[in-house]
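The chain below stands alone and is given in structure tokens; this is the form predicted alone.
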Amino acid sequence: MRAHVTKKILSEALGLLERVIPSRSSNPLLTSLKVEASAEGLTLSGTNLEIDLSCFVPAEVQDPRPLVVPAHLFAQIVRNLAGELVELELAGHELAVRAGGSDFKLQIGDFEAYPPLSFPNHADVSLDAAELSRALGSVRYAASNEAFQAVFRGIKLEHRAESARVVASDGYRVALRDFPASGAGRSLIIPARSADELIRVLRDGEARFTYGEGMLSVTTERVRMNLKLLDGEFPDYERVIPKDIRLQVTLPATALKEAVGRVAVLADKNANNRVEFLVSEGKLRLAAEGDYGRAQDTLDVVQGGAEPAMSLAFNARHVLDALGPIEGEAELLFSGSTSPAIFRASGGGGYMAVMVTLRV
């Protein structure tokens, strides 16, 4: 087998696979990369037994033959090549990797012993890849990283009549985003770490979904991915979304992010990074106090609602996370000093964050 491929395209594909393929494993074959050649190019595949990933790389190929190589070592070699056109040549049990004046010889593995990877050829439903990636990226921060929290370690994807929704929660906050979608898809829970890799591979075009038993397959123009899904029932998050809004505040999201970041410098790290919000007479006063002193900042806001004033407290980190996906004006909706609060973009956009308040 001999192939000529652009270094940039090959490096991009290897970069995606490096994140999936483990650098160490009790099964050394899982640290390897499968390369299947055809007249059109190279298909690079790997797995960590939770995620299977396959990337197609256009290339000029002669005498196509499959092989297995150490994934991370191969990627490191390609990244460090001097030239921009990479030549791959398989001879015996060695793969030659050449570019510019560089020439590497890499031992190949046992192709027949590599775990079989299969990807479906049909799709049950299609979603806009860019919209899905944006939605998953908007809510990812709210998913739990704690192993004991079961389904909270995942992101729920719900299909509705004319839209889809992604939801994440760690029990203290909920983040959701609605986006346009069509088709009769299923509701499922994607592990947050798998969603991280899905966000990286989704670009433009369609993301075609194929449902399996406890498995989701996602296919785009350049990649195919199998994801193991989480079992269990996602909690009824809609019951924590407040309905009786007593006070509404609108202000530039960037200004609020910067002000919260400033006062949080002195927030007590052992008291949930507490920052107090006091809304009154068109002003939002932020205050934080810790072992080394106190800080406060005041912002002009557009205020509305039945309550003339309200005092609340939040975890500063949670506030900054919630504001992250919001551009332009932010809208803060309060139903009481001890009730959950809503942070969303003014004018809609489909994104919403719901956070519990700290005791005032």
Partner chain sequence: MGEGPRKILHVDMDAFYASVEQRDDPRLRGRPVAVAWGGKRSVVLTASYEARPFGVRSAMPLYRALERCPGLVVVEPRFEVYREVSAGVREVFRSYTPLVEPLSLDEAYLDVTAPLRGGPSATRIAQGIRAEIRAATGLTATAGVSVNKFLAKLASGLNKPDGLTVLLPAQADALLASLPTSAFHGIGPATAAKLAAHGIHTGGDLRRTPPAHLAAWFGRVGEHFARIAWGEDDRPVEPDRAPVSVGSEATVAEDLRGVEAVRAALPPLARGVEERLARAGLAGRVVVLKLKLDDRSVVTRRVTLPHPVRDEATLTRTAAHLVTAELIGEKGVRLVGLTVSGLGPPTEPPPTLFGAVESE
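Residue numbers count along the first chain shown, from 1. In this text, all values refer to a predicted model and were calculated from it rather than measured experimentally.
Heads up, the form predicted in complex with the partner chain isn't pictured, but that's what we're talking about next.
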query: Which one of these stretches, 131 to 139, 89 to 97, 73 to 81, 265 to 273, sits within 4.5 Å of the partner chain in the predicted complex when only heavy atoms are counted?
result: 265 to 273
field: Interface residue in the predicted complex among 215, 85, 240, 117, criterion: non-hydrogen atom within 4.5 angstroms of the partner chain
entry: 240
query: Taking the partner chain in the predicted complex as the reference, which of 112, 146, 204, 162 has a non-hydrogen atom within 4.5 Å?
result: 146
- request: Give a yes/no on whether residue 173 approaches the partner chain to within 4.5 Å in the predicted complex, heavy atoms considered.
  value: yes
task: Indicate whether the partner chain has at least one heavy atom within 4.5 Å of a heavy atom of residue 194 in the predicted complex.
output: no
- request: Please run the contact check for residue 231 against the partner chain in the predicted complex: heavy atoms, 4.5 angstroms, yes or no?
  value: no
message: Would you classify residue 350 as touching the partner chain in the predicted complex, given a 4.5 Å non-hydrogen atom cut-off?
response: no
message: Only counting heavy atoms and a 4.5 Å limit, does any residue of 319 to 353 reach the partner chain in the predicted complex, and if so which ones?
response: 338, 340
